[in-house]
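Quick setup: one chain, the form predicted alone, written in C-alpha cells, and binding and motion questions come after.
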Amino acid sequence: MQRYDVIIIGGGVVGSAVARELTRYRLSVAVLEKESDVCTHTSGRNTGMLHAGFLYKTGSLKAQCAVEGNAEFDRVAKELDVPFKRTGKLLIGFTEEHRQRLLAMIERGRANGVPGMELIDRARMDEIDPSAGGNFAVYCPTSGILDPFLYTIALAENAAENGARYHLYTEVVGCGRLEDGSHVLHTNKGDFACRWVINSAGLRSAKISEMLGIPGYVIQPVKGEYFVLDKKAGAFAKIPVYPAPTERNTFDTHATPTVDGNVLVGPNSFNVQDGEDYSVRQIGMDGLQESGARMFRHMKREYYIRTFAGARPKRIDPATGEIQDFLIDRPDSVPGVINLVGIESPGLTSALPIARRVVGLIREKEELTPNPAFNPVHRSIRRFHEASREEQAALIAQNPDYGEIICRCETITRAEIVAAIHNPLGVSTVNGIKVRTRASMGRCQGGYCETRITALIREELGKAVGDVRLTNGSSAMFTGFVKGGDQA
C-alpha cells in the first residue's frame, strides 16, 4: 500500500492546481487520475476563456474566484510559460431587450469588482473587431484567452517537478478507513492511504463524495458541441464575441479566437446522462452554423476542420433543479476530506484561487511547514515555429532534431515531439503528444504526422507497435498487420 499525506482524486486543472499549491509545503502529495492524461475531460474540452467574473452572482465563490484568478493571470502565465492573450471580450446585442440585459451585466460586473466594462456602439465595435456581429455591445477589457491543455499540463508538471506523484490510469473504486484513522482509497492499481483526501473528480465528484461517506450531491452533466475553424478564419477574429445573456444569465453560442490562431464556435448546451460521451450530433452542428454566423461574420463551411464536445459538471439542487455555486467544503462528519463539487465554468480561471482555499482549510486543522525547495517556474517545450530565423538556426545547430519537421501543418519538429514524449508525467499517448505540441491540430488533423508520432513513441520508449495508444487503454493506434508486415 502506498501512503501519502494528501491524495487528490482527479488530475484536471483544479486538481493539478491543488497539487501545485500543496507542494509549497513539506507534504507528500499524490494525484490519482483515472485517464491517461490530466486534460482528458472538462479541463481540456472548453473554450479556453479567462473569464472576468461579471456573469456570476455577487458574493458567490464563482464570482470571487473568477475575479481573483483573472487579476493574477499575467503573472501566472509567465511563471508557468503558457500562452495567454488579454484580448478583452464583446457581449453583443441586437434588440432593446438585449440592451437592458447588457446594462444589467455591467452593473453586476461593477458589483463583483470587474473593471472597465462599458456599453459601446457599432462604430466602436468596428474599431475593436469588424468581424463581430451585433448592433451594440458591452466591451470587457480584462477577459482573455489561453490554451486549456497547456495550462493544465503546466500546473501538473510543475506540481510533479516539486515532488507531487501522478498515478495515471488509476481509478478510485471505493473508500474506507484504517485503524489509525487514515483514509484508504481502493483503486484498480491497488490501495492508497493518506491523512487528507481532496475530491476533485469533476464529473464524478458527487460519486466520489458518496464513496467518502458524504451523500446527497447531484451533478448534472451539461454537454456542449463546438466547431474548430481553420487559421484562415482566425485571421479575421480579434476578440471573443458572446451574445447577450439569456434570462437565466447564461450564454448561447459564441465565437472565440484561440491563442494559436484558430476560432472555436460553440458551445450549444443540453443536459446529458453520460458526461463522458463526446460524440457530436448533426442537428447540433447545424444549429451552431446558424447561431455562430450571428456572432462571427466569417462562419464559412470551407473553414471547418474539426468538431468536438465537452461537458460541464453542474451541481444542482435536487429539490428545485437550480444550479448551485462551487462547493469547497471540509465536512465535520468525515474528518480529513475536502470536497470540491460542481466545479464547472469558470473553473479554468478559478483553479488557483480554489487551490489556495483548499490549502487554507487544511491549515485551519494543522500547521504547514513551507517547502524551501519549491519552485513556481515551469518551462514549456520550445516552439520552433515561434522562433526567429536566427534562433531557429541556432536551435538546429544545437540539436539537429529541430531540423526535421514532423507536423507540416503546424511546423512541429522532431525535437519537440521527443521532448513531449519524455514529459514529467509519463504520458505516452499520441493525444498526449498532440496537446503538448499541437502536432496533428492543423488543417489535415494528423493525416500526415500521426504515423510518424507513433513511430517516435515506439522508438523513444521501446514500445511494441500494438502498445501505442491514441488516448487510453482501449484505443490502440494499430490493431494488426497487413501483407505479412513486421510483427515487432
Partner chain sequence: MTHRQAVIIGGGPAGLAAALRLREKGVSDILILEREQRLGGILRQCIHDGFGLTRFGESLSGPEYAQRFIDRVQQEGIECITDCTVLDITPDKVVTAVGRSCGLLQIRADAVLLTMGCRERTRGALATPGTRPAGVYTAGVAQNYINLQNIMVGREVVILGSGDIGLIMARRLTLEGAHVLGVYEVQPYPSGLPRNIEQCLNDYGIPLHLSHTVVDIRGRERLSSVVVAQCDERFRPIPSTEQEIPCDTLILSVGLIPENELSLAAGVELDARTRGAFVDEHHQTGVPGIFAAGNVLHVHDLVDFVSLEAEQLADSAAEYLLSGSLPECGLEVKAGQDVGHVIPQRISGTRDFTLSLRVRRPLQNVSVVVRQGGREVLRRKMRKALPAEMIQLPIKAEKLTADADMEVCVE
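Numbering follows the first chain given and starts at 1. From a predicted model like this one, the values you see are computed outputs, not experimental measurements.
Absent from the display: the form predicted together with the partner chain. The rest refers to it.
With a 4.5 Å cutoff on heavy atoms, Cys444 counts as touching the partner chain in the predicted complex. Remark: Ala455 counts among the residues lining the partner chain in the predicted complex, judged by a heavy atom distance of 4.5 Å or less. Looking at Phe326, you'd find every heavy atom of it more than 4.5 angstroms from the partner chain in the predicted complex.
Contact between Gly287 and the partner chain in the predicted complex is not found at the 4.5 Å heavy atom cutoff.
The stretch that touches the partner chain in the predicted complex, counting heavy atoms within 4.5 Å, is 298-306, out of 298-306, 100-108, 344-352, 206-214. Here is the short version: of Arg177, Lys314, Arg408, Arg124, the single residue with a heavy atom within 4.5 Å of the partner chain in the predicted complex is Arg408.
Among Gln282, Asn375, Asn135, Thr369, the residue placing a heavy atom within 4.5 Å of the partner chain in the predicted complex is Gln282. Along 439-477, residues Arg443, Cys444, Gln445, Gly446, Gly447, Tyr448, Glu450, Thr451, Arg452, Thr454, Ala455, Arg458, Val465, Leu470, Asn472, Gly473, Ser474, Ser475, Ala476, Met477 each place a heavy atom within 4.5 Å of the partner chain in the predicted complex.
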